[in-house]
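Coming up is one lone chain in structure tokens, specifically the form predicted on its own.
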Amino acid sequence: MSTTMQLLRTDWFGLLVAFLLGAIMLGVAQPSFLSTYNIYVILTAFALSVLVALSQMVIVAIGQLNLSVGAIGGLAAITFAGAMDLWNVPIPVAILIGLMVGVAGGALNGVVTHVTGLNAFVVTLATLSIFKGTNIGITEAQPFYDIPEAVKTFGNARFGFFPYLLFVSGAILVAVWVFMRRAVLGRQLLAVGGNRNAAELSGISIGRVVVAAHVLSGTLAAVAGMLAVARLQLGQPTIGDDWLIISFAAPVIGGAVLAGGHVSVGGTLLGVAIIMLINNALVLLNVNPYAVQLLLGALILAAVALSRFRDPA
């Protein structure tokens, strides 16, 4: 097979072409798109959103969905911020606490899903309310403002138009790519999503894989939540409330099959990039904010239709 045909068959090549064409057209229509500050804004939003998308992607890999991605990220965010604000916990310890919240939330989702045999959609719908209720109970719907200056500085620092947050997300993105492509557990996630019965007959522990996927999802969401605190410079209780759409749309646009067994880290990255491009275009072109939500809803429907096209069964 020629190199050209191999590129055309990948999940990411068409998306890359679409993104580049869109960026060129937007740059011509609205020159401010190419300003250093605007690119910085886009990359900052991308740095957070790509972690959210990856958090959902690892669950889609096993043929499930996690509706509590935003709730876990939000709970980790306010725990991270609250530990530093109320208890003056050192930053590294606060980060560890935030990660533990993500791990615990993901483990709860995974264990309940596997032990009860319930659909992860139902389980995570329930835990979404549990995590969000805990969030509101801890914060009383009030932000944590007293965030260390080092965290605030990191959240808004940049090298040229590259935010420091992007370097964290980039490192995690590479790690997830290696995990899904090279690690035994990563391949097992895809095996379970592709054919659960065959995976079990081959000796793969379904319970271990399901729990591991949810733990990884919760951990990624927790990192996104803590980076959001650094970016916003406060522990806002609403962090994570608007993550569900992008967490779902980006992996599917990027080539994931909702039934499981196939995901693409590169495709997910470009799925997020395209959504960021659309959002930025609507802002620069002064489109009504309500139309933004309408377009994102249509994007979800298109993503579902695309997934059904890839896996008509």
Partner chain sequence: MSMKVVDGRAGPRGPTLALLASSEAGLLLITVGFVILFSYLTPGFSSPFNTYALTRVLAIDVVIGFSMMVVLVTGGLNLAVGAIGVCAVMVGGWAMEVAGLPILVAVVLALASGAALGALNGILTVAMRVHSFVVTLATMSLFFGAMIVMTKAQAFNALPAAFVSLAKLKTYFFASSMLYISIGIGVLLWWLFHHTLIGRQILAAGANTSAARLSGVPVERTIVVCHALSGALAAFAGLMLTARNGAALPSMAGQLGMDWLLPAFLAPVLGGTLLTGGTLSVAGTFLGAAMVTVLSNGLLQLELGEFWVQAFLGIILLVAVALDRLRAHLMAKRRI
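Here the structure is a predicted model, which means the values were calculated and not measured. Positions refer to the first chain, counted from 1.
The discussion below concerns the form predicted together with its partner chain, not included here.
inquiry  = in the predicted bound form, is there a heavy atom of its partner chain that lies within 4.5 Å of any heavy atom of residue 16, even though the partner is absent here?
reply    = So residue 16 does not count as contacting its partner chain.
query = Is residue 195 a contact residue for its partner chain in the predicted bound form, using a 4.5 Å heavy atom cut-off?
reply = Answer no; every heavy atom of residue 195 is more than 4.5 Å from its partner chain in the predicted bound form.
query = Is there a non-hydrogen atom of residue 88 within 4.5 angstroms of a non-hydrogen atom of its partner chain in the predicted bound form?
reply = Residue 88: no contact with its partner chain in the predicted bound form.
inquiry  = I'd like to check something about residue 145: if you look in the predicted bound form, is any of its heavy atoms closer than or equal to 4.5 Å to a heavy atom of its partner chain?
reply    = The answer is no: residue 145 has no heavy atom within 4.5 Å of its partner chain.
query = Using a 4.5 Å heavy atom cut-off, which stretch among 273 to 281, 32 to 40, 241 to 249, 46 to 54 contacts its partner chain in the predicted bound form?
reply = Of the options, only 241 to 249 has residues within 4.5 Å of the partner.
task = Could you spot which one of 99, 125, 111, 232 gets a heavy atom to within 4.5 Å of its partner chain in the predicted bound form?
result = Contact check passes for 125.
Neighbours of its partner chain in the predicted bound form among 43 to 75 [non-hydrogen atom within 4.5 angstroms] = The stretch 43 to 75, when checked against its partner chain in the predicted bound form, contributes 65, 67 at the 4.5 Å heavy-atom cut-off.
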